[in-house]
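Quick setup: one chain, the form predicted on its own, written in structure tokens, and binding and motion questions come after.
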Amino acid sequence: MKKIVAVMLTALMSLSLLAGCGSSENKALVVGTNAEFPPFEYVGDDGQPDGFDIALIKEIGKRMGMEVQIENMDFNALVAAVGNKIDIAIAGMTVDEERKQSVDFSDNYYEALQYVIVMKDSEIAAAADLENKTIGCQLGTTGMFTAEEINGADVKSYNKAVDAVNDLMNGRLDAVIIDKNPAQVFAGKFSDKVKALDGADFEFEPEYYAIACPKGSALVADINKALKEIKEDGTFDKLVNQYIE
């Protein structure tokens, strides 16, 4: 009887070891995003998240031998969800000191700059012109933090950047502050009504996007390795050409 039990225990331990040592190809990488930030992330014609960030993380997952599962959620909830509801987050997320207290970041993968969207007939053209104005932004983004530092500004935050742009066109806002690429997308979509102004004219500083991972996670090294390969073999540039330029 003891021999039978021992054999069974050995078999169970072997199965456990096989499961634990199995390749990561069978493991899902749950990735949080906010599909309201074109061209980095948006909802495609098939109703699923698409965009540069989505394509990039799927390529990273492929090289890590992991199946990527995308979870679309509010941007402001992403950092808190990392390591809990999701494994990592990619969402045009700027690396800053406050976020670094909660998550570890991968290497930077994109340099960005805040832009200002205004109505075509607006006289706003420089930093001083934004003072004492009503400014829209997306909740939890660099655009919001930038707007909050403007003297006398009345800052209105939105879960979706497009809602801020709509309020601008409806006369409820004087300007919207958002990252360069989505600003250009919105300016192109509503070209008869709004224009996007270069953040350099407002003395905005460049920022850098990276992938948020749990504190102390080995995922950072794995993601960085895959990201380095993607940049070196030209895949990164192909994705930029496909989604951004």
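We number the residues from 1 along the sequence you see. These numbers come from a predicted model, not from an experiment.
A second form of this protein, the form predicted in complex with a small molecule, is not displayed here; the remarks below concern that form.
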Inset, instruction - Work out which of F186, Y209, F202, F52 lies within 4.5 Å of the small molecule in the model of the complex, going by heavy atoms. - result: Y209
Inset, instruction - Could you tell me which one of A164, A147, V116, A91 places a heavy atom within 4.5 Å of the small molecule in the model of the complex? - result: A91
Legend entry - Proximity to the small molecule in the model of the complex (heavy atom, within 4.5 Å), stretch among 81 to 89, 139 to 147, 165 to 173, 117 to 125: 139 to 147
Legend entry - Residue contact check: Y109 to the small molecule in the model of the complex, 4.5 Å heavy atom: no
Legend entry - Residue contact check: K133 to the small molecule in the model of the complex, 4.5 Å heavy atom: no
Legend entry - Interface membership of K156, the small molecule in the model of the complex, 4.5 Å heavy atom rule: no
